[in-house]
Structures are given as C-alpha cells and as structure tokens.
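Shown next as structure tokens: one chain only, the form predicted alone.
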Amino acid sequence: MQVSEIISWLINLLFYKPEVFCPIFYPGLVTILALLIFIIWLERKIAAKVQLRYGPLYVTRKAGGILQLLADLLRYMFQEPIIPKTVDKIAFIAGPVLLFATAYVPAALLPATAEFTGLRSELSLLAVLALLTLAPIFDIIIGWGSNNKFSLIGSMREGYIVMSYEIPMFLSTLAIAMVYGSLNIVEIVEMQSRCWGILLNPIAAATFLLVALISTARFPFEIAEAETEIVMGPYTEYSGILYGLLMGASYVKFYVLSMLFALLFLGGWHPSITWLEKIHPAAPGLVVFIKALIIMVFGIFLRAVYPRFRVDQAIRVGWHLLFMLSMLSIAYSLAVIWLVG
C-alpha cells in the first residue's frame, strides 16, 4: 500500500466515518476543548461587564484577553498536583479523570445530523440519559477519597441535589419523547421540521432547562463547591491538572445538556442549511451548535446576576417545583396526544 493510499484511508476514517468523527471532532472532544476555552473566557468577560470590574484584559488586550485562558490551561497542565498522604490515592487520582470522561462520553453519542451520527439506535435518548447519570457518582467518590471533612460535606451536598433533579430530568425528557412517539434522537429532531418541541410542550422545556442549570452547578445552584461556606466542596484538596479536569467537567456536562436541549426542544439542525453539506456531511450540525451555545451563554450570564441558593433551597426547588412541573409536563403531553389523535 502506497503512502498516498494510507493518507487517503486515514482521512476517510477520521473525517468521513461518523463512528470516529463524532467522538473525536464534533460534537466530541475537539469541539469540547475549543468551547471550554471560549466559554470560560466569555463567562469572565460577562461577569466583569455586569459587575463593573476587570475581567481578562492585560494578556493580549486587543483580543479581549482571550490568551489568558490559554495561559491558565498551561498553568494547570504543568503545575505540580499535590496528593496528601491521608487520601485514598486510587480514588483521589482516578476520580477527576473518570468524572471528566463520564461527562464527555454522552457527547459522542449525540447526532451531528440525521445521516451523520455516532450511535444509530431506537433508544439513543435513553443511552445518553443513562450516561449522564454516571458523573455525579464520581463527585461522591472524590469527596470520600479526599479524607477531608469539607470535601465529604461537599460531596454529600452533591448527592442530595442529584436526588432532587434526576427524576425531573427523566420525566421532562420522557414528556417530549411521548409527544413524538420515539426514543430515537434523530427521529425526534426530524419530526420537529414543522414545529419545535418547545412549542409543543413548553413545560417540559422549562423543566429540562432548570435541571440543566442545577446539574451543572450554574448559578444560582453552585452549591456543592460553595467557596464561602466549605472552601471548594469535593474539590478542596485538588490542584494542577486534576483540579482543571474537575472544573472542566461541569462545563462539558453543560455543553452536553445544552446540545440535548437544542435537539429535543429547539428543532436540532432545522432549519437546515443545505449548502453546508458541500463542506462536510456534519457541517449542518453547526445549527445545533449555535443553538446550544446560546443556551450556554444564558447559563453563564446567570452567574453575574443571581446570588447562590442554600442547599435546602435548591433541594426544595427540585422536589417542590421541578418534580411537580415534570409531572405536569407528562400530563400536558398526554393532553397534546389526545387532542392530536
């Protein structure tokens, strides 16, 4: 086999096989890493603007200080990670890696377009939701393995909050799946070509969006790692690249949930831009990415305008408000099905 044939085979494998392209490039790892740098920079800039204080500025001032994020990334990568003697070393080291990995894996299963998806299954929605439930487990393992009372308290807070939001998340997702009669994400998106899910069931959309904010510790729900109360919660003992993975995991999960919200409630890749297909089969997925980015910008904007809830207030929101809204969204879906049928 000639060198040109090997290069051609590699290009075809990496860029035109959805089973490889989706996990690595879009909506997978490369997109996530680029988005992490941009969204953290934007969060700092928005918070600084709203609160009338300096954000990233003096590093590449003409570019808005965006290289400050690259400097922070290099610092996390090369800073010495300090591992206390009293911790459970396996749980302490593996926890952040597994937390970041389990936050990322659902992105690999999300479709870029109808014809370009890494997972073709009639139960793809259930697969994504099942993987989303794994990440909080490692928050609790991290808190326990750190052998620190602040870390343990922070991880227990995370456990309480998880119990309050996971049921509403599943019920609101089930509500929109009932309307379209499918658990296949691609089929749900295709059926939104005429009417988006947010119009068919706005209650499920509002519930899912609030759940996304809670599950990713967006303000006002940044509770597990409340700096003013318990230092940094489950992450008190972490430094260096291990802390970088922990910080990045919540943004990755927020990206996944924003993409899922765009696919289920905002029409996905509809309205489709057909000329983008000439660039690459996954290029029309740019429409989904833009919708998800708008959701993420809304989420980071809340940091600048809302104070943090107490843990009991957040749990009350989950059980008293979101649970009731999710049950109401199920009833709303049944009413829509009855009226249409």
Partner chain sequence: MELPKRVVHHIEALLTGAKYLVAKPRMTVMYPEEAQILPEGYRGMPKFNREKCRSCSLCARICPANAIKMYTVEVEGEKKKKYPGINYNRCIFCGFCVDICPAGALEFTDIHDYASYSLEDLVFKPDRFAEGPPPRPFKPKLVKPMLDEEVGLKYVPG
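Bear in mind that the values here come from a model prediction, so they are computed numbers and not experimental data. Residue numbers count along the first chain shown, from 1.
Just so you know, the form predicted together with the partner chain exists too; it's not on screen, but the next bit is about it.
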Counting any heavy atom within 4.5 Å as contact, can you tell me which stretch out of 288 to 296, 31 to 39, 271 to 279, 304 to 312 lines the partner chain in the predicted complex? 304 to 312
So in the predicted complex, are Val50, Arg53 and Leu57 all sitting within 4.5 Å of the partner chain, heavy atoms only? yes
Is Ile66 one of the residues lying within 4.5 Å of the partner chain in the predicted complex, judged by heavy atom distances? no
In the predicted complex, does Ile46 have a heavy atom within 4.5 Å of the partner chain? yes
